[in-house]
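Consider the single chain below, provided in structure tokens and representing the form predicted alone.
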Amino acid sequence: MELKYYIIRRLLVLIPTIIGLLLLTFILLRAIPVNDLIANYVNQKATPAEKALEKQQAITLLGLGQPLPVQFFTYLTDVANGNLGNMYSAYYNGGVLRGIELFLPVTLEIAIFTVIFSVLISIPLGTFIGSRPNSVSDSVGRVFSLIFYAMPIFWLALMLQYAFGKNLLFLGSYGLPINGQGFPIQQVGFVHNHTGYSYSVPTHMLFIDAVLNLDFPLAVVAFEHLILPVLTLSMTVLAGLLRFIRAGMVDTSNQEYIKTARAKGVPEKLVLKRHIRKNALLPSVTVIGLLVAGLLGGAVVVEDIFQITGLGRLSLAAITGTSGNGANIQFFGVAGTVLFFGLILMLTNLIVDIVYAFLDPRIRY
């Protein structure tokens, strides 16, 4: 099967998966008591008359008086139009989609550096220990991967913060300054302010924007703020990749075509580079995609510990229900971020499948 037909088939499979995710989030929202759901649209500090008006508007907007199929169609229409509801928290007040747009780049910046660091370290290190099974280096590598793969990410983050938090590696919160608090970037020329939230342009990723705008002193400070969060997330990703690359190297080394190449007198370095490592890394492509998608879950914990105002902290604010309008859990904030995380996971799996099919044509059949 040609690659383009394989991609079309994967895209067609993705459609019912997305519909299933939307149906799941809709069911979760409708399982919430109606009064609690409407409370997310009503300012609890308003007058009784204003509350009654806002309550009626919320009922009409959500279509709560309609049959469930009609409500689901209304929900699909709202999602298609970018309306994921509103949320009120100590960190953000406004539309959920706008909050995702504001807070996502900070999380994405941390994820990008985590992936780059993990891949650059895991491939050569995994190749080294995998080519020497049962050696001292192999034993050390396996112990390292097992320890950090099993280590709770919150504990590792706390230990790193305790060990290095008073040095230049961690200078305070990082990300979007909220109401003038947090990372002091308001005075920078390429930083814009929108309803109390400051963000850099053009990418909204402070380190990258500082480099693009040739503000290298700020880039250095921004990079220092990234070290500990990236290192925390990288340890788990790196440990997982090392295990799979090492296992792939050992398994590929025992294949018949590798033994044939060695019997023909092909130099060991050439066998390792062109045959063993190339084929051993193929299964790791899938693992990299899954681990990258898993970074979003780890970001919730890491961002809270390091006081990073990213998407993870936004979702945590919605869950804890620290609101600015007196309501409790921000259900639309939770549902919106869960829906977004699910879409990111699906998109990541799609990209991984396409890359894997490109690298190994056998997977297309």
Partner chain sequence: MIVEESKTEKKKNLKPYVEVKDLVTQFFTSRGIVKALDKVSFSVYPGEIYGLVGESGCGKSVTSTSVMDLIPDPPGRIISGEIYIDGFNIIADLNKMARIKIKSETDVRIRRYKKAIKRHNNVLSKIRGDKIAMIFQEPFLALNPTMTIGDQIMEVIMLHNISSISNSILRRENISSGEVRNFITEFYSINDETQKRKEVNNFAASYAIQEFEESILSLLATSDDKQYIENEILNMVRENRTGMNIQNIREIKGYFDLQNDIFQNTLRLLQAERNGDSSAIKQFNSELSKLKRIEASSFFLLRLKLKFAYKYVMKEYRKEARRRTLELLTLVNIAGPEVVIDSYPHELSGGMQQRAMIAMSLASNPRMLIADEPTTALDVTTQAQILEIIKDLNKLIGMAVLFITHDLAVIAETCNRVGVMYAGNIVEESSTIEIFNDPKHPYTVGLMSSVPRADKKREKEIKLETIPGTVPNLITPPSGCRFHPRCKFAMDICSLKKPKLVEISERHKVACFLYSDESEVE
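Residue numbers count along the first chain shown, from 1. As the structure is a computational prediction, the values presented were derived from the model and not from experiment.
One more form of this protein exists, namely the form predicted in complex with its partner chain; it is left out here, but the text below deals with it.
Participant: Pick the stretch from 218-226, 78-86, 115-123, 262-270 whose residues have a heavy atom within 4.5 Å of its partner chain in the predicted complex.
Facilitator: Correct option: 262-270.
Participant: At the 4.5 Å heavy atom threshold, is residue 362 in contact with its partner chain in the predicted complex?
Facilitator: Close contact exists here: in the predicted complex, residue 362 approaches its partner chain to within 4.5 Å, heavy atoms only.
Participant: In the predicted complex, is there a heavy atom of its partner chain that lies within 4.5 Å of any heavy atom of residue 208, even though the partner is absent here?
Facilitator: Residue-level check for residue 208: no, no contact with its partner chain.
Participant: Would residue 282 show up as a contact with its partner chain in the predicted complex if we use heavy atoms at 4.5 Å?
Facilitator: Heavy-atom contact with its partner chain at 4.5 Å: present for residue 282.
Participant: Does any heavy atom of residue 275 come within 4.5 Å of a heavy atom of its partner chain in the predicted complex?
Facilitator: Yes, contact at 4.5 Å.
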